[in-house]
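Given next, in structure tokens, is a single chain: the form predicted on its own.
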């Protein structure tokens, strides 16, 4: 039996996926297969490597593609990775160590910003890597000490196939967010959390700052808002509500202060503390990157990320989001967030 089945949903074989395929061929662990799931039949030269297969799915949600991939999978462990990510050379060998050490039924690892991303993509990554943006979930983007978790994205998620089948796989009506629902089902079934470990690393290309980045953030906010309403176990956490309270306070604060003028000092005091914290974080990144330009991108990136996420979280909390697939250009590459 094969040890790992790597499952990659994609609309079309694109430049990101081609990079992913090349890096998968360089892994120092050989007992795996790769199942690529595009919309339409596509030819690709895998250089006679029998471990790679392409299974067309028709137009389908990513969750549906992953479920189909799991049906064809021969591996003991399903390894989910996005097409716009690629693994470190020791990705599977490190995962193997964690599974042997812990006996866990599922494993998540960090998805880091690639060193060769362009400047605007790197700035998106620096925003996501900030505690001011990701709060306690910053370990999703950078290596942090091992811990137990109950929710993790499919950009770098391993699930034992028998565990995946026991909970019925992904619920197809959600995207993004199908990973949160799967994790919730797994935790409920096994009555225990699973493992995060920093050793199995992938590199995840970021969306450019600003428009593609904020487009992606709007989707995350909208679906997390919906989940906060229907899945309180994983999504009704204070950290997810804070950006919405910030948005409400930013716009409603002056209205309230006009009625109670004594509140003006608290309003402006709060803004001073907030923008000082953002400025200090932007300065830290600018020094690290040795780029004055980075200051502005990170400063406005954090602020606009908070506004976008907070607004769309409220939208998702009040109204169920519609599924809209990612737009692609003529070459099959994604043209938005």
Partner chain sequence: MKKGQNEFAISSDQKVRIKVIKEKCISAGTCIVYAADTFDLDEDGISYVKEGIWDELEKIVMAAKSCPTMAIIVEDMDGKQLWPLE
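This structure is a prediction, so every number in the text was calculated from the model and none was measured. Positions refer to the first chain, counted from 1.
Another form, the form predicted together with the partner chain, is not on view; read the next lines as being about it.
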item: Contact check for 151, 180 and 232 against the partner chain in the predicted complex, heavy atom at 4.5 Å; value: no
item: In the predicted complex, the residue from 266, 144, 246, 119 that sits within 4.5 Å of the partner chain by heavy atoms; value: 144
item: The partner chain: the contacting residue among 218, 102, 134, 90 in the predicted complex [heavy atom, 4.5 Å]; value: 90
item: Partner contact for residue 197 in the predicted complex: the partner chain, 4.5 angstroms, heavy atom; value: yes
item: Contact of residue 28 with the partner chain in the predicted complex (heavy atom, 4.5 Å); value: yes
item: Residue 172: touches the partner chain in the predicted complex, heavy atom cutoff 4.5 angstroms; value: no
item: 4.5 Å heavy atom contact, residue 164 and the partner chain in the predicted complex; value: no
item: Interface segment, criterion being heavy atoms within 4.5 Å of the partner chain in the predicted complex, picked from 253-261, 75-83, 197-205, 222-230; value: 197-205
item: Neighbours of the partner chain in the predicted complex among 94-124 [non-hydrogen atom within 4.5 angstroms]; value: 94, 97, 101, 112
